[in-house]
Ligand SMILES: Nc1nc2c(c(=O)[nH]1)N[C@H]1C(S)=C(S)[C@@H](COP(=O)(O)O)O[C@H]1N2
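Okay, here we've got a single chain as structure tokens, the form predicted alone, with questions on binding and movement later.
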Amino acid sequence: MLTENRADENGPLALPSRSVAILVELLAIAAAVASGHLVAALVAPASSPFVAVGDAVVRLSPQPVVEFAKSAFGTADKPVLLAGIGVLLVLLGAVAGLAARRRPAVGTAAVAALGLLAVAAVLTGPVPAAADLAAPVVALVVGVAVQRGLDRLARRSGASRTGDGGTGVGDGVPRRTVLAGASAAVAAGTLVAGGVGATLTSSGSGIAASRTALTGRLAAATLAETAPPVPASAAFPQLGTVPFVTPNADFYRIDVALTIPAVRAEDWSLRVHGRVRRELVLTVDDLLRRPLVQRTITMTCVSNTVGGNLVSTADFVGVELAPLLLEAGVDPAADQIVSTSRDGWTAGTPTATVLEPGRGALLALGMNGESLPVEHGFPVRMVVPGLYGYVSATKWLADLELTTFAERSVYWRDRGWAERAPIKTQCRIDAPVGFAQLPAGRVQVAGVAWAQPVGITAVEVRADDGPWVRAELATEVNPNTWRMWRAELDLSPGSHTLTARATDRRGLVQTDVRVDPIPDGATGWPSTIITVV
């Protein structure tokens, strides 16, 4: 055990103060994280120790935990996760620093253990490569070196206060000054490394320029099919509904990628293989030489709760997927298309659905007048109308394998979700918002309904347990999109529960039975409580 006046070959040592011991450990951890992030930005962004550990948390979390995060934090689940890891690192650093006051090896071991954890996270990732080890290994080495160096300086600084007059470095400079300078240098280096790493990661190695170039090429292309313009009568924004076409910045994002895959359009390729007569390897240039079509499509996340907002609509431009598969020659026994994302995520889509006449499945390159935003799959993603996103909407697409459901499982099916996931008939009340206070009399109620690819033919609304009132439907754009609705209710003063239900073109009325999203989508009637005064 270290004593107050222990010495080594370079002079006396002493216990550092608690605050100094904690600072040493936190600086070592921060230096490890920042150096790893910088190296990852240069080699493989997903191998950043901080991100790799976060990805491992996502992969290994029990399904109830994942669903809680989605329902509690929505599209902010990833920032919340990373912030939580940051807080945990600070707490671990503080505890390890205090323990290391008397046992220096504890501090070194704690930093090394975190480094080894990052190495393990990278090695157990979906598609590990040798280059991915560079970032966590550098982080481990830097973290241990900083911890040991600052710890030694801190102990000598403590000794200078208790017995050597405050000097002892050979030139009259107080050891405390040396410690302060070293700590400041480490902190500055950490900020620079982390900042440069973040800048390089966000710049995406030319992704912005590649997106701009592809946007120009799409704008100049002659489309084989254009989507009809969305009429003003397709939405009721003046009553509180969302815009019919969702701006890219507002389009829901649900995926498991903590670091968005960065691949330029010029470097992208797609392999179509498996149970086919001949393999295809396609580039963006190959896709642009094929007929391009524009489709207005509503996409829905299976995690959307009753009345939730994980549903959005966009104008997509891309190449029809069915002709590509027919060109490859699909084995009739291949009932599943396994699509793989650039980050190794997989989805299984029913082959028959993609090949269904009129389904309109796309390899999308454009979204709302520009190339796909990076967070929505640039340069190419899948879009299959009528299926929940976890089986149909792979972003950052890298591979398509024709196989069977019996031969291959995929990411979410391994976690208890259904094999096939057609979108269920649903609706939502957008206005009035919950707990609103409104004047007595005629109350305007408005919202959206969807049943892709069948379409909506009716929405009904009621107050409390009163009679159902048929809502006015907005103009239908196409059966693959949502449909806005509005209704008027005469309400007396008091508290009222408003409920809605939709009917699709098959005549199926939305069920009132409440079920959770797992395993194949939520059901139930949306409701909201208001007060009339």
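Just count from 1 along the sequence shown to find any residue number. Since the structure is predicted, the reported quantities are computational estimates derived from the model, not experimental observations.
The protein also exists as the form predicted in complex with the named molecule; that form is not presented, and the subsequent description refers to it.
Partner contact region in the predicted bound form: 297 to 305, out of 131 to 139, 214 to 222, 268 to 276, 297 to 305, criterion any non-hydrogen atom within 4.5 Å of the named molecule. The contact with the named molecule in the predicted bound form, taken as any heavy atom within 4.5 Å, belongs to 389 out of 107, 197, 385, 389.
With the partner omitted from this view, the residue of 417, 236, 405, 251 that lies near the named molecule in the predicted bound form is 251 [heavy atom within 4.5 Å].
For residue 210, no non-hydrogen atom is located within 4.5 Å of the named molecule in the predicted bound form, even though that partner is not displayed. Heavy atoms of residue 341 reach within 4.5 Å of the named molecule in the predicted bound form, making it an interface residue. Using a 4.5 angstroms threshold between heavy atoms, residue 430 stays clear of the named molecule in the predicted bound form. Contact check for residue 450: no non-hydrogen atom falls within 4.5 Å of the named molecule in the predicted bound form. Although the named molecule is not shown here, in the predicted bound form the stretch 386 to 400 places heavy atoms of 389, 390, 393, 394, 395, 396 within 4.5 Å of it, in sequence order.
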